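Only one chain is given next, in structure tokens, and it is the form predicted on its own.
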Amino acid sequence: MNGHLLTFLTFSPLVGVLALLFVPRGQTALIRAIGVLATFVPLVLSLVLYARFAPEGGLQFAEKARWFAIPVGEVAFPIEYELGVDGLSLPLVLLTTIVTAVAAVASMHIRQNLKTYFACFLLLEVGMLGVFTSQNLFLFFLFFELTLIPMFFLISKWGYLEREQAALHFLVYNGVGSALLLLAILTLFVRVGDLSFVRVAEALHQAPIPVLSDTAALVLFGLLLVAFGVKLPLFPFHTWMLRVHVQAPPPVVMLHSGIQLKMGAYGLLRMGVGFFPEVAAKLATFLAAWGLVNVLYGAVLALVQRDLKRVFAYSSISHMGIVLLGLAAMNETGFTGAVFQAVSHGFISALLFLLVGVIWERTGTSTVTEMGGLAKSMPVASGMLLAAAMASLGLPGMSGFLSEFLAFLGLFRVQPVLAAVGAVGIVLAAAYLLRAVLRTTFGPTPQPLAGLRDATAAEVTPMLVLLAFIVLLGVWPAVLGDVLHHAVQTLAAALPGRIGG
């Protein structure tokens, strides 16, 4: 197993899918147990992976096998099955397994077509894990596309009133992004003759002139930027995400906001900066300005929303803008902040939407103006909601503070004016989050909401797990920083002139 740990990890959820095939639809308790337990297997394997990872090493747990060949003229180009993790991908693998396991537990309120639901749920986990463990562009694209299919059905079948429209928007926008990504991959394959992350990067860095012209490199970087910008999402490619956050069931939004948005951040770092560091450095100011638009646009729009789901959706847009600001710093500090922000936001957004689901089950609404005084009847859930909001606005001692601090610190070293303007988004975050949370949990209680049942032990347990990781990253950042250091150092070393420190 040691030599194929990543294969077992990536495909282990399929064991749950196969087990579900033999369970009658009427045995809901057994179906639910299999669906939840199947997510614990990759969780345990990811913890083993983390425990065995050498922080000062590069690519580890690598697996490689000949898959098939593509004939081009008289030459057959081999396509290989390549897996591996480094300090950039390992934190996201761990984030994926933790949030997926928590979201599976939070699926207790899903009651219809439970067997199909968990089959799609586990297939989605396979795709997300594959994205972060792939070391080959072809394999990466396959897993990247695999996430679209189960997510489409999870939204369209188990969502709310406008779920079909939300699923269609999700598919159209992400389909366009995937088409652009495929075009970039095909171009790289034709020009480089390889699809391995390592060998493509080496070919582009060691001989940039014969492989790609400056114009071609700029075009390819632009394709990757838009393709992953749709997934992140960046303004103005964000509208589909708002629909998904509002219409999809909370456990599915936990996966989408907590993990899938991070696939965009990972792609930009791994391929955008990793393949084209010179182009990324030249466009650093443009990227910082774009990130600034995301931060302020999301924050201002969140400030005027009356629905908790939309508040948190626009908050995600704003916080993903901070990821782009850290990337635009083009230095080790900024890259570290970008990854910290991606991981931190994954835990925080998952907790926020878990709480939205708990509140929805009791009240039948997520509209702030229709609620109030929930702290009287739901003190535990209300306290958790306040804690999650504090983490999101960057309270010291929680993960949100350090991630934002590092991203802005990296940018301050090279773009102090843009960084100072972007810091306004942090102030606005305090305003829109506290406004929404306090109006929901304090004040007079509407008569229909009096005497609500508080969160149960089964609901509080996943909340505590997510909150524990949020606090852990806030008080012991080395648990992530040590793993991440070598990877961001390698990314920054490829930049022309080493911008900042």
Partner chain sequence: MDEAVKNVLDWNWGAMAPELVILGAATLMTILDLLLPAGRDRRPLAWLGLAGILVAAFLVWRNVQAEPTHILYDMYRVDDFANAFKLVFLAGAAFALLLAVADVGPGGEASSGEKAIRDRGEYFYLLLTGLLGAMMLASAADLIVLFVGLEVLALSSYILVALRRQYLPAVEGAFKYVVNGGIASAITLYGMSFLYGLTGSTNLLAVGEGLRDAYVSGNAYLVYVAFFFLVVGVAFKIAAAPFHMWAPDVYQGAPTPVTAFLAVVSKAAGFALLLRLLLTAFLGLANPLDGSPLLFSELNVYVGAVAAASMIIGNTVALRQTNVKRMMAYSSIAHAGYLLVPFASLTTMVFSQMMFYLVAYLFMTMGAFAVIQLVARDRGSEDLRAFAGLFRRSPLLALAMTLFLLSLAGLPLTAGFIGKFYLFLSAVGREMYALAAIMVLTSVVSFVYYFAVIRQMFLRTGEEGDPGVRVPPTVGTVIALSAAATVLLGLLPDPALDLLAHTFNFSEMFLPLAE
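Please read these numbers as outputs of a predicted model, since none were measured by experiment. Numbering follows the first chain given and starts at 1.
Same protein, other form: the form predicted together with the partner chain, not shown, and the subject of what follows.
Q: I'd like to know whether residue 367 contacts the partner chain in the model of the complex, with contact meaning heavy atoms within 4.5 angstroms.
A: No - in the model of the complex, heavy atoms of residue 367 and the partner chain never come within 4.5 Å of each other.
Q: Going by a heavy atom distance of 4.5 Å, is residue 156 a contact of the partner chain in the model of the complex?
A: Close contact exists here: in the model of the complex, residue 156 approaches the partner chain to within 4.5 Å, heavy atoms only.
Q: Would residue 66 count as a contact of the partner chain in the model of the complex, using a 4.5 angstroms cut-off between non-hydrogen atoms?
A: Residue 66 belongs to the contact set for the partner chain.
Q: Whether residue 239 contacts the partner chain in the model of the complex should be assessed with a 4.5 Å heavy atom distance threshold; does it?
A: The answer is no: residue 239 has no heavy atom within 4.5 Å of the partner chain.
Q: Which residue, 168, 303, 421, 198, has a heavy atom that falls within 4.5 Å of the partner chain in the model of the complex?
A: In short, 168.
Q: Quick one: of 290, 360, 401, 152, which gets a non-hydrogen atom within 4.5 angstroms of the partner chain in the model of the complex?
A: Checking each option against the partner chain in the model of the complex, the one that comes within 4.5 Å is 152.
Q: Is every one of 45, 56 and 96 within 4.5 Å of the partner chain in the model of the complex, counting heavy atoms?
A: Spot residues vs the partner chain: no contact at all.
Q: I need the one stretch from 177-185, 261-269, 314-322, 367-375 whose residues put non-hydrogen atoms within 4.5 angstroms of the partner chain in the model of the complex.
A: This holds for exactly one stretch, 177-185.
Q: Heavy atom within 4.5 Å of the partner chain in the model of the complex: which residues of 96-124 qualify?
A: Contacts from 96-124: 113, 116.
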